[in-house]
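So here's one chain in two forms, each on its own in structure tokens, numbered structure 1 and structure 2.
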Structure 1
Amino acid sequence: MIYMRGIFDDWQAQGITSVLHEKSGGYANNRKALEGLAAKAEAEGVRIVGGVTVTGFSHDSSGAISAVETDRGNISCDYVVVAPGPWAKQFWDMLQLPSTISIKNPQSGVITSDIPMWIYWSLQEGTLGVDPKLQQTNDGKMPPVIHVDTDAPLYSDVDGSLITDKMWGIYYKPDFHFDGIQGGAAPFIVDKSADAVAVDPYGPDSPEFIVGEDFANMWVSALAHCQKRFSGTMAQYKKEPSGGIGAFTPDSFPLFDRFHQNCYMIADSNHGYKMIGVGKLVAEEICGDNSRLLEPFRFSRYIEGKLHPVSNSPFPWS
């Protein structure tokens, strides 16, 4: 509380489990960041061909991938790298990898079978249409992302009703691109088998996986819970479609591994920008240098019981 009041004099959230305040963090617009990366790749002589849909893979007699099948014909290849984001399950199925897996408990050694390889989480994001400068710090600066996890009861900023008395979490930042305070709340598991989830149309175009009034009420109330300056701003919440789904692994950690001898899969389990350096490590692995950093993220970790710590946070990627 004292630390946060030193940054925002209206900070009022008490009993917080954790606050992540990235002193030197920042924000990059996703499209612009990717355009920058594409330009760097093209400057190295890479040719990027967009608008091609992969429909399957052809294998040679040894089981290695010999061609990528697409809606524009087959493309023969020596090596395939797939980084499909929320479409991980579609590629997993095309690669004929198992839809369920077995996981060994590292403590007891007990193996549990039939665990779905992919589950979807619905990510909750939106924008409060206030002046982004409203969020300036006591010394007049623009802060980076604030991330709060807490089990304090959350009450509606509109009518004082209880929204939740369970663990909740939010993140938010001033955003000049979206012109407001942009952020989100803890995602929730999509209550359907992965086969029944329609990933497309994706994101704001999805009729199913966009945030609604419940999110607006929760998130803006949570902002007001943390900082008094957001109290009474519910009417300024931007009612536009936002959010999306993510394909998560059973332990919500990324999967970086080689399949069928010559197919490298980068399944980031929705971990986002912090995975950006993985491309270099994967390129080194493909060229023959095994990466110690990527080793904990192999597919074999499940059956070998070499699992990652389980987070207490309501966020699956914390």
Structure 2
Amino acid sequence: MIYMRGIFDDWQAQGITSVLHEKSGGYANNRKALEGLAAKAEAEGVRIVGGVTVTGFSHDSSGAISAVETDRGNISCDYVVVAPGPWAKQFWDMLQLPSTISIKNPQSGVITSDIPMWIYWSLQEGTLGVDPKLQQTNDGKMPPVIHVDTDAPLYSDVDGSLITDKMWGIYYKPDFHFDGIQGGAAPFIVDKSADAVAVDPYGPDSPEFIVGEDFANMWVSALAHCQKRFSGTMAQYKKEPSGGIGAFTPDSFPLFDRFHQNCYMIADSNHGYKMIGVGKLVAEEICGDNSRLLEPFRFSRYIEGKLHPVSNSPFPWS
């Protein structure tokens, strides 16, 4: 409490036992950043063709991919890189990879079979329409993202009713692009088989996977739980389509691996835009220089029992 009040004098969340933070941080709009990268690629002679739907893959006699099948015809290729984000399962299926897998327990050695390779989580995000400068620190600076996990009871900032007495988590940051305080809460598993989930239309265009009043009440109340400056701001929550859906691996960690000899797949398990940071490592692997940093994220980790630690956080990616 004393430490956090040294940053925000109105900090009031109880029971915070661990604090980690960046000394400095920032925000990059994903679309603008990718447009900038595309311009750099085109300046090097790369041709980018949009509006093409991949429908499948052709293989040669050795099993390697010989062409990408699209709604505009087949494209012959020497190598394929697949980085599909929330459409990971669709590409996984087109590559004829297993829909269920076996996972070895590293402690007992017991192997559990028929575990779905993909599971969907509904992502919870929104924006509080206040001046982003409201979130200045005590010394007048703009802070990076704040992420809070806690098991303290959460009560509504509107009527005082109990929202949850289970573990919950939120993240938030001042955001001049969204013109407010933007952030989200822990996602929840979509209660459908992966085959029954419609990824498209995606994000705010989906009538099914956008946040509602329950999220607004929970998230703004959680902001008020953490900082007094957000008390009484529920009316300023932006009631606009927000949220989305993510395709997650069984352990919610990314997957970086080769398949069919000449196909490299980046399955981000909804770490999404953040995966831009591994581009150089992936490029080096494609050129033959295997990365020690990417080795723990191979597909073989499941059957070999080389699993990542299980987090106690309500966020699957923590």
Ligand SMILES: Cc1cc2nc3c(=O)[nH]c(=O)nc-3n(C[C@H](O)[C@H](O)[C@H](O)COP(=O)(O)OP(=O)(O)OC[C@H]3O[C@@H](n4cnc5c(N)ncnc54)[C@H](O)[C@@H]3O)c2cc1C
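By rigid core we mean the largest C-alpha set that fits within 1.5 Å across both forms. For clarity, every value in this text was computed on a predicted model and none was experimentally measured. Please note that residue numbering is based on structure 1, beginning with 1 at the start of its sequence.
> Just flag whichever of structures 1 and 2 is the form predicted in complex with this ligand.
Structure 1, not 2.
> Rigid core aligned, does the Cα position of G272 differ by 2 Å or more between the two structures?
Yes; that C-alpha moves by at least 2 Å between the two structures.
> For L307, is the C-alpha shift between the two structures 2 Å or more after core superposition?
No, the C-alpha position differs by under 2 Å between the two structures.
> Once the core is superposed between the two structures, does I16 show a C-alpha displacement of at least 2 Å?
Comparing the forms between the two structures, which are aligned on their rigid core, I16 does shift its C-alpha by 2 Å or more.
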